[in-house]
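Take a look at this single chain in structure tokens; it is the form predicted on its own.
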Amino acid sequence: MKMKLQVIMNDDLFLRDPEHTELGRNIVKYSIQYIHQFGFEAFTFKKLAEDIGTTEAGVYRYFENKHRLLTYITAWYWSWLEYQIVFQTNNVNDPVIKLKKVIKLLATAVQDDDQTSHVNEKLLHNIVISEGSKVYLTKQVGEDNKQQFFKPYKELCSVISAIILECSPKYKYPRSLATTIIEMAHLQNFFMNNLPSLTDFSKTKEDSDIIAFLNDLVFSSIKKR
């Protein structure tokens, strides 16, 4: 029997919960496919509506605008990733092994999760890498923050920073290092595939090289001096 994973989302991210209807789930599913294929700038509700056989007004009944939809799927990804980290480190007692597992999860190509039929995590992972910063690099970031749109990302960073402190209780910058690990894993992946002169991994294009780099970066930072 297959388990189904349900991610609880902030109600303010949507006008109508897309998880509760087939149309809503299709909006999420096909918006991920469209943004991955064509990019966020080319993505429109009109085109999405045509592809899934509904009206543009029908899409707007679920999401106020396309930026809110991008924020929704990005927040969904962070919550899903936090679940993966907690699940895979739950029975690990050695904090160093825990942290290495976290780094591997962050730097390894994601595979689609069978527990979430309408979300392709592999595509969503690529969207977060290439489009994710557009969620918070906006003029309304302060207001969005007040509405706790970034809570899933903050909770993910909190989980990782707690593991960092397990490894090195006196380390002064656990949250900064946690966000650095996440963003660096994504940036190095993006550079490796798109701007190869900005990384050392363009020739091999191996996740293992990025993992080794992050391990070196992290454990050099937290080791006792």
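Numbers follow the displayed sequence, beginning with 1. Note that the structure is predicted; figures quoted are calculated from it, not measured.
In what follows, reference is made to the form predicted in complex with the DNA, a form of this protein that is not presented.
For the marked spot (54, 60 and 66), a heavy atom within 4.5 Å of the DNA in the predicted bound form is present in each of the three residues. Between the DNA and the residues 21, 10, 208, 215, the one pair within 4.5 Å by heavy atoms in the predicted bound form involves 21. 44 is the sole member of 158, 44, 176, 193 with a non-hydrogen atom lying within 4.5 angstroms of the DNA in the predicted bound form. Only one of 36-44, 196-204, 179-187, 158-166 places residue heavy atoms within 4.5 angstroms of the DNA in the predicted bound form, namely 36-44.
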